[in-house]
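Next up: a single chain in structure tokens, the form predicted on its own.
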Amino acid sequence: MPEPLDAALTEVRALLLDPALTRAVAAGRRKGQHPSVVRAELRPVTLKAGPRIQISTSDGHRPYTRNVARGAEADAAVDALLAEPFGNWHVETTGATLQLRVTKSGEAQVHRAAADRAAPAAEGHDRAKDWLLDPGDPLFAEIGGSAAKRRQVDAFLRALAATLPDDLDGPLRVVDLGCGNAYLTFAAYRWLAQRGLAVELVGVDVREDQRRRNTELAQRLGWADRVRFVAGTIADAVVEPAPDLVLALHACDTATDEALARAVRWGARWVLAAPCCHHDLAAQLRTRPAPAPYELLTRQGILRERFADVLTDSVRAALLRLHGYRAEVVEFVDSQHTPRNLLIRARRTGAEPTPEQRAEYRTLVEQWQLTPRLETLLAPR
């Protein structure tokens, strides 16, 4: 039920200044208005000078952080943020969670709930790591909270944060193709929802037992109305409507190609794929002579396998560019934690490829006599 915006913001103000505040995020924009910053985050910190409220803002290009003392300084800083035409507020205290969304008519849709986690201690200024998802979050009690898993979750969420725009404020449809036990799927939903976004997420895995397990976990977490799972292949599973964001994390060999092809055919706005097991082009390199003067690259078996990894992801990124995406390959977790640490990150621009881009791709695959699986999948039907 819509509420008067002024009254709802007064409630938000009280929570932001409450010593029980644990975290708050403001993002998005109201219809026809533009805040001076695209995102603001508030959290309590403890400095040598005493407790402070840390306010981190971003203009979309660079962050700015300041620590304000409670009292008149904090009052003024909070009032300034509340005067900004943000479209969404998400506020957490030790006792309650409040989510506010400003409607197109200028009213407030407010969801209030009891806190779903214990309050963390106020963070020190020199804390060891600023996690995107609190290590004490109840989610880790369900998916496991080992140090290695927390690092991988955090690395993935940072890659996701770098992919999505800071001012994203509309509903977000997400599909995770080949989700497996779905711990990164759940982490993505948790982090996106904490940003105040209305998220609908579908996980796809070929195994029915995984679907049942993940569905039961979503129910235990209270997310079953927003997070659901289907059993089916990456190529054929029914997902409607088409997603905005496609995830494919460690899908083996050509399963990554199938995920990328579905993302392109859906016209997904963003794609994050962590490839695994590059067998397809490796097998082709074993049966074809390397073009001169590159014979030394494939003569040794171990070097040929590693070269196939690089070649496969280079070809995938090039094909995404030819289909209207800006694509890059980045390292998203340190190689000491997993050797499969590359991430293909793509954003749809709709730009037509240049003749030079088409030519360099065609020259590469013809010189090496390759038939990339992704090219076959994206060929006109």
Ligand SMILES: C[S@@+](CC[C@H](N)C(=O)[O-])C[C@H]1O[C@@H](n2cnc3c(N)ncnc32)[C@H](O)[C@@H]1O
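Don't overthink the numbering: it's just position in the shown sequence, from 1. Keep in mind it's a predicted model, so treat the numbers as computed, not measured.
Note that the form predicted in complex with the ligand isn't included here; everything after this is about it.
When contacts are judged by a 4.5 Å heavy atom cut-off, residue 252 counts as touching the ligand in the model of the complex.
The ligand is not shown here, but in the model of the complex it comes within 4.5 Å of a heavy atom of residue 258. Among residues of the shown chain, residue 232 is one whose heavy atoms approach the ligand to within 4.5 Å in the model of the complex. With a 4.5 Å cutoff on heavy atoms, residue 160 does not count as touching the ligand in the model of the complex; it lies far away. Taking a 4.5 Å heavy atom cutoff to the ligand in the model of the complex, the contact residue among 284, 181, 97, 298 is 181. Scanning 141, 224, 148, 206 against the ligand in the model of the complex with a 4.5 Å heavy atom cut-off leaves one residue, 206. Across the options 105 to 113, 298 to 306, 206 to 214, 73 to 81, residues that bring heavy atoms within 4.5 Å of the ligand in the model of the complex belong to 206 to 214.
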